[in-house]
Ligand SMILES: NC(=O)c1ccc[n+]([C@@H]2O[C@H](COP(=O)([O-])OP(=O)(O)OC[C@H]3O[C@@H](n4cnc5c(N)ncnc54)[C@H](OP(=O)(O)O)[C@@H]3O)[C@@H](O)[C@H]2O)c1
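Presented as structure tokens, the chain that follows is alone, the form predicted alone.
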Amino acid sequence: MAEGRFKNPFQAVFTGVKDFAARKENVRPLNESDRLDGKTVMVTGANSGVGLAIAVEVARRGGELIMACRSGHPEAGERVKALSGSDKVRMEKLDLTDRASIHALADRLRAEGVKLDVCICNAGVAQAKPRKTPQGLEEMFMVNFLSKFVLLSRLLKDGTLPKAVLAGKGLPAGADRPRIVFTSADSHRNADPSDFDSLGVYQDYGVNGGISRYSYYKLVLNTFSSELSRRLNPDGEVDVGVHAACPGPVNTNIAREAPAFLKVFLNTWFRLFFQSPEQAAPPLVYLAAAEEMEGETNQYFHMMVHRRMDEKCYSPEAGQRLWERAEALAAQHGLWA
């Protein structure tokens, strides 16, 4: 099994604080002119943390918001309405650990004729020990990568995310290009090269192994993002913008599964040195809404710093092998419709 950049949570926390303090922003600030009026935007994992902050901004900026969440129904949706002042908010059930839930959402959106302008794949988990999904896969691997592969495949093939190459359902003349935005992490840097043979194989791990896998799966996710961009825009002309962003260190409930002694340490550092979800949301909202991102693809932000991902993520050979492995795992575990 390949390993990620961080070998323990202390290393991850201290690096996050150091990177946050040393950042040199090279992207203009998000402003009130970055609007989403008339656009339909789906945000996964929008019931808490950064996802909730993104959802509030999407609704406040005029977007018709779909909150695709495992929990928080209907309280999170009502909170977004109150905070944004918008009533163009709906919640949809989405459990990324369960094949049936993924396809049920895709079926509902297709039946209603929903056309997404933006899909922000924000949902993710960090775990201190492995859990099996109903299909027998490890939960963190499925939620942080494979379920995104399956969900986006459905949305693109159904035309819910319009794309002529996969669905034969292109964009109307003059329409803005759809955008896909992944919530990633700069911890993907310096992870081991992807081990495609062992990718997705269920293995036991503890706290340190969980941190390592989390950063490794972000390398996998960014490699997928780059490969998806290549496949959706094969001739160099952008039809669907595909981007990823690390929001930086965020004070969320991601440490909820840590052992008690570690949870005290993490929560203290999060509270003292990390950003609030509202402070962390701008790079993801920018990629979804900024006019200058129209016609762009395969861009990566670390906070409000535009930079390149780890170079391994751009390899066409790695992207091809990852795609083939994902298709094989999805078929093996019955994840297709």
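Computed from a predicted structure; not experimentally measured. Heads up: residue numbers just count along the shown sequence, starting at 1.
The same protein also has a form predicted together with this ligand, omitted here; what follows describes it.
Visitor: Find the only residue in T183, S229, T160, T223 having a heavy atom within 4.5 Å of this ligand in the model of the complex.
Guide: Exactly one listed residue reaches within 4.5 Å, namely T183.
Visitor: Please pick, from R70, K39, R60, K312, the one residue with any non-hydrogen atom lying within 4.5 angstroms of this ligand in the model of the complex.
Guide: Residue within 4.5 Å of the partner: R70.
Visitor: Going by heavy atoms within 4.5 Å, which of 81-89, 106-114, 190-198, 243-251 lines up against this ligand in the model of the complex?
Guide: Of the options, only 243-251 has residues within 4.5 Å of the partner.
Visitor: Going by a heavy atom distance of 4.5 Å, is S48 a contact of this ligand in the model of the complex?
Guide: Contact with this ligand, yes.
Visitor: Is the gap between N233 and this ligand in the model of the complex 4.5 Å or less for some heavy atom pair?
Guide: Outside the cut-off, so no.
Visitor: Does this ligand come within 4.5 Å of any heavy atom of T97 in the model of the complex?
Guide: It does: once this ligand is placed as it appears in the model of the complex, T97 has a heavy atom within 4.5 Å of it.
Visitor: Consider N122 of the chain shown here, and say whether it contacts this ligand in the model of the complex, taking contact as heavy atoms within 4.5 Å.
Guide: Residue-level check for N122: yes, a contact with this ligand.
Visitor: Do all of V143, Y214 and K218 end up near this ligand in the model of the complex, with near meaning a heavy atom within 4.5 Å?
Guide: Affirmative, all three are within 4.5 Å.
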